[in-house]
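Only one chain comes next, encoded as structure tokens, the form predicted alone.
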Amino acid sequence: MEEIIPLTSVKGVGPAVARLFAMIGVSTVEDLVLNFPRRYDDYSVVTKITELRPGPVTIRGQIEKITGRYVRRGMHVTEAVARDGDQSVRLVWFNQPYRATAMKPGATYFISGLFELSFQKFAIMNPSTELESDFPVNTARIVPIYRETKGLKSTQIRRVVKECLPSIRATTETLPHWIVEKHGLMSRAEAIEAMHFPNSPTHLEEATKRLGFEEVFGLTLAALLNKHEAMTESSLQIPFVAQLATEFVSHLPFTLTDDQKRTIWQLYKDMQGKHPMNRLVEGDVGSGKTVVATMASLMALEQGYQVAFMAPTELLARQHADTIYALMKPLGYESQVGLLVGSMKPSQKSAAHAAIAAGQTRFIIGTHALIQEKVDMQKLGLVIIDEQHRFGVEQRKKLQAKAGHMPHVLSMTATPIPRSLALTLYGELDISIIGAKPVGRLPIITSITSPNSVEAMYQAADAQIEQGRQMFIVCPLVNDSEAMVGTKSAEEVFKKMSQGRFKHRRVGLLHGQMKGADKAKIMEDFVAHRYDILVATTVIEVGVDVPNATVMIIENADRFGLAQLHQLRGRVGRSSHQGYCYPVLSDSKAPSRRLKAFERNNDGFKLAELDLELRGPGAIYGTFQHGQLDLRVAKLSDTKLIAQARQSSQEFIESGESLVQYSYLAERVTKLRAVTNLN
């Protein structure tokens, strides 16, 4: 299957059918055979007619007679009788008139379908039928169910896959033979065939294991090759100055947690090393990552190097600039802190560029504007990338390239990542976790609210505002023009709150369609308490820090994922004041398992594990915008498989074996090296 074979070369696939396949992303034979089923129906047990019970069944029987007729309103009914020995059963199809001529009376068929009541008599309804002498694809087996589109059903997809069995069986091995043998894996060819036509649940499980192992092996091998390559680079060794760190800590208005102290020490050791730091700091919302990053930056600034701190939005960049300026001021470094964002006036940008080029601004905080060619950072010693999954790989490379050498790189994320996922996604990174919240932070009280209970929620929220606190109301949509039925928009809610329920309060509106400067001004006014309530979209999801905000109302909460709900909740309770979060349901139905878990759990890492379990790796990878990682089979909750694949990747590198002899694997690893982190 190394050559590209168009799907139209397969028997039964003409231009019209090919267009239907293209709608589900299948254009070649390789696309088809790697288009694995989304689920399976088990019709593998062949039952005697005398033993039939209601539900999915498969029988082996001779067709005795078959008739077709039209009934009321043009509906066509085809009926047949199937017999095994002395017993018979009715078969009924609706609107499938071709059945009457397609089936051969007297021939023996496998027949699979639902055994249920029809016209007050039991029958097998709308069954699939295949001659006993054929290779069955729709009956008498575990039947694959594919992603479908109008005009293209799983029955047709299965027939076309069957035509491609010779190509599947000719598939060459992609893993080194010693890895296949060591882990008792089936061949790639057998695994692909078993994914489409498994002989048993065990057969399917073994196929899933083989292909999942291969996926994780390729991903971790790419990550480890990147890490080994990075280890060949020489670093700018930045020494640790204990007195400077002690002085910085002495001016903090809070006590560092043990997790923060451990992470800071790991950063200092990395920056003193012979190779460039490449570390990811994972910290739940409000865990204090910015302080850790600032302490790391301090050592680079002390040695005369520049630091680039890159945030995903202007709003977040401005907030970081304010926070870092305040942290640096007691030590006299505040004059070296500068901001560079896209919405600045041309004259402001020119002045900022000049200050950066002259080395006057050495702690540069900004967005993607930092990557522009005109920004001259020749003494770049440390790159900090906040919410690093929100940047494309090419953007990160450009930022590193500005230095003309490999700077130290610190990536940070407030989105908790399950350990199994972190090892796979970020295999080339050293990982630090800040799990503990700062001393004095109270767990946020979360209470699921039905539409019938919103007035009590509003009363509780208003009582908080009366005490001088502030509130967020988050909506899934900006305006009604994009609205789905029953989904609230920020503009609609703003109008209702400002002119109705909370007309006695100061209500602001913030969403992503506003200009950068306008968003910054509204957020600035909210931080300054010129608004009591801010109605917003998820533009406030990451990093926004308003210590006085204690109430978070999330409209249509059932439309958000767990990770996003947790991020939104993290916008409140960021001081010694008690925080409250009210996820509001779209209707009066019982809340989902996901929302119940959110209500009772404040630990982002536990919620991330549950999110992975509930939604699968595809959703998680989508969240991290990690390009063509293409995990179709691997279950990232399978920590044993991940550990085996990762260990095998390390052993492959240590063996010195060349990837060249495994062309498919080599091509995939090359692609993956481009979309994994930083190198």
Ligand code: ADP
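Computed from a predicted model, the values in this text were never measured in an experiment. A residue's number is simply how far along the shown sequence it sits, counting from 1.
Note that the form predicted in complex with the ligand isn't included here; everything after this is about it.
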Which of 376-384, 577-585, 146-154, 434-442 lines the interface with the ligand in the predicted bound form (heavy atom within 4.5 Å): 434-442
Residue contact check: residue 351 to the ligand in the predicted bound form, 4.5 Å heavy atom: no
The ligand contact at residue 547 in the predicted bound form, heavy atom, 4.5 Å: yes
Residue contact check: residue 257 to the ligand in the predicted bound form, 4.5 Å heavy atom: yes
Proximity of residue 297 to the ligand in the predicted bound form, heavy atoms at 4.5 Å: no
Residue among 409, 478, 291, 523 with a heavy atom within 4.5 Å of the ligand in the predicted bound form: 291
Option touching the ligand, based on a heavy atom within 4.5 Å in the predicted bound form, out of 337, 285, 175, 238: 285
